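So here's one chain in two forms, each on its own in structure tokens, numbered structure 1 and structure 2.
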Structure 1
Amino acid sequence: MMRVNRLDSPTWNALKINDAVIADDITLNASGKAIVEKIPAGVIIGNESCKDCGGCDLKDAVDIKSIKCGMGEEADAFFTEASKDVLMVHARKGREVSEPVNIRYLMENGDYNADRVEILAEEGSSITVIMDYTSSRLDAKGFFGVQTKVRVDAGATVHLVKVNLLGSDFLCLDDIGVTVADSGYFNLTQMCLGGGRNYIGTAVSLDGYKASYNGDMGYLCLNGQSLDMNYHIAHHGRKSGSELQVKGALRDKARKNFRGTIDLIKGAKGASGNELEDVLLLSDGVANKTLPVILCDEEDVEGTHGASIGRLSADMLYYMQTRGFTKQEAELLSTKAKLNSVRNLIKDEHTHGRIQYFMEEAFK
């Protein structure tokens, strides 16, 4: 049993949202494939043993293992045990890498595996990393977990893209931890469309002056799918900024929990944190829990949260119906529009195509 996504500021236990419990006995079989599709110029890919051999620049990479991730300590221990090796992605100082690094995980029926990834963007560098988890069968069963730790040095930019297109009977853990230094920028684009039970934990520590974070999350939960999310954005740096947009749709018997914490810590003068959630509920029987938290220990800050949860607005529905759409067609169109607004942030045609195909199949 693993307790994950625990809130730092818990509330009534009866609401059953303070954390999530994964009761499964996860036995890994080292199956599945991780493919690094592209290694653009200016990027070094390696692993821990590679680092230790001293034969390449990875030996200089500073250890980023101490970065805390969003799913918590029990998940951290699980990943440390489950994946002995770490895939390392390293953008050297000042290098602006225009092509994305694509890391594809092909997880087929019966595959049970976990991986760890560390991304280091040195001072002034810029890099995009696209990680997608795919099953060729929509109903594939298995387990996939990945822990991603990211260090964004001063003035560096990291755009991390995560796309979940796993089979509908997969248990998926996606654990992310990030630190951002002065004027660094971390941009996280996530799409969670596949998998049966998905757990996502994201912890971002904005340590530096003007460190910033932007997160866009799009999800679709159909049938019996569930999604449990925990975001913790800690503002330590002065004038640090964060924006988090989470949007998606639930249908059938889908379940979704969203916890989003903006933590404005003493000393983070001039910091600003904003989060926005937009949830479309498409049928009876869905369950949506939302807990947007703002913790404020500093006067000179701004924190805001907004949430809109429910059906398609009456005005929008009326407008669509005057254009000849039925209610169901209008809801479908609106759902696709929400998801496409996130998909369009991913600047990679192949990934676009896979997402498009998956969405078309899901809505059949």
Structure 2
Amino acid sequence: MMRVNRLDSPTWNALKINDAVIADDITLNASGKAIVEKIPAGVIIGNESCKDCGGCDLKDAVDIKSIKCGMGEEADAFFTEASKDVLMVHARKGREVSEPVNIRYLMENGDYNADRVEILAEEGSSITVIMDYTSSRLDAKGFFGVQTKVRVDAGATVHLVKVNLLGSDFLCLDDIGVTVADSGYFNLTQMCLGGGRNYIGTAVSLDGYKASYNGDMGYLCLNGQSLDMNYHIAHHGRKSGSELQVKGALRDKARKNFRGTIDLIKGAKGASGNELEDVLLLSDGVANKTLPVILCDEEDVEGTHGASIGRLSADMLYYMQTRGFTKQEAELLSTKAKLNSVRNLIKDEHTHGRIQYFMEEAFK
């Protein structure tokens, strides 16, 4: 049993959203599933065993291991034990890498695999990393977990993209931890469309002056899918800023929990944080829980949150049906309009096409 996505500041426990429990006995049987498709100039790809080779500065990234992730200590212990090697992605000082680094995981039916990835962006560098989880079958069963730790140095920019297109009976753990230094910028774009049970934990620590974070999350839960999310954005640095936008759709018997915490810590004068969730409910049988939290220990700060939860109106559905759309087509069109605003932030045409195909197949 593993307890994950625990709130730092628990709420009324009757909501049963203070944390999540994974009761599965996870036994891994697959390894080496990461395929790095592109290695642009200015990027070093390595693993933990090369950190002392002396041929580059990867050894300087060892402190990444101390970064706290969003799923919590039990998940951290699980990944440390489950994945003995670490894939390292390193952007050199001052290098602006124009092409993305593509890391793909192809999970077959019956695969149980876990991996760890560490991303280091040195001072003044810029890098985009696309991580894509896919199954060869839409109904594939298995387990996939990945822990991603990111260090954004002063003046650096990291755009991390995560796309989940796993089979409908996969258990997926996606654990993320980030630190951002002075004037650093971390941009996270996520699309969670596949998997049967998905757990996402993200912890961002804005440590430096004018450190900033922007997160865009799009999700689709159909049939019996479930999604449990925990985002914690800690503002330590003065004039640090954060934006989190979450957009998704639920249908059939799908279940979703969202926890979003903006933590304005003493000393973060002039900091501002904002979070917003927009949920489309396509069926009466869905279960949706949204918990936005703002914690404040500083006076000169600004924090806002909001949630928009609604259904496809009867008038809109009737209008679309009079134009020749079936109810299913109308739902797909409305869902795509919501999620495409997130998909379009991913600057990779191949990934766009696969997301489009997956959504259309899922609604059949």
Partner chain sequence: MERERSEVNDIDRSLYDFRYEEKDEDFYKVKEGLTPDIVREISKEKHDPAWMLDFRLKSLEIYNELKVPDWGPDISGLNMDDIVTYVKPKTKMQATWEDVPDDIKNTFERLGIPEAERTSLAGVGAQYDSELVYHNVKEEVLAQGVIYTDMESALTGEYEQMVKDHFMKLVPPTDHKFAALHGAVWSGGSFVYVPPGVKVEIPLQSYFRLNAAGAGQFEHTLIIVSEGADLHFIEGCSAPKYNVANLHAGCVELFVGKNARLRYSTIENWSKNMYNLNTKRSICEDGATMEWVSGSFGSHVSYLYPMTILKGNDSHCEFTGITFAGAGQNLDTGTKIMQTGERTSSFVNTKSISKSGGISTFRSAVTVGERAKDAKVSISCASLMLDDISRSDTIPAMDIRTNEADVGHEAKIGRISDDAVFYLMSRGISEEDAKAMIVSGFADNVSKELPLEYAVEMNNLIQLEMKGAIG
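It should be emphasised that the depicted structure is a prediction, and the values quoted were computed from it without experimental measurement. Here the rigid core means the biggest group of C-alpha atoms that line up within 1.5 Å when the two forms are laid on top of each other. Here, a residue number simply tells you its place in the sequence of structure 1, counted from 1.
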- prompt: Looking at both, which one would you say is the form predicted alone?
  reply: 2
- request: Just grab the Cα shift of Leu332 between structures 1 and 2 for me, core aligned, in angstrom.
  value: 2.8
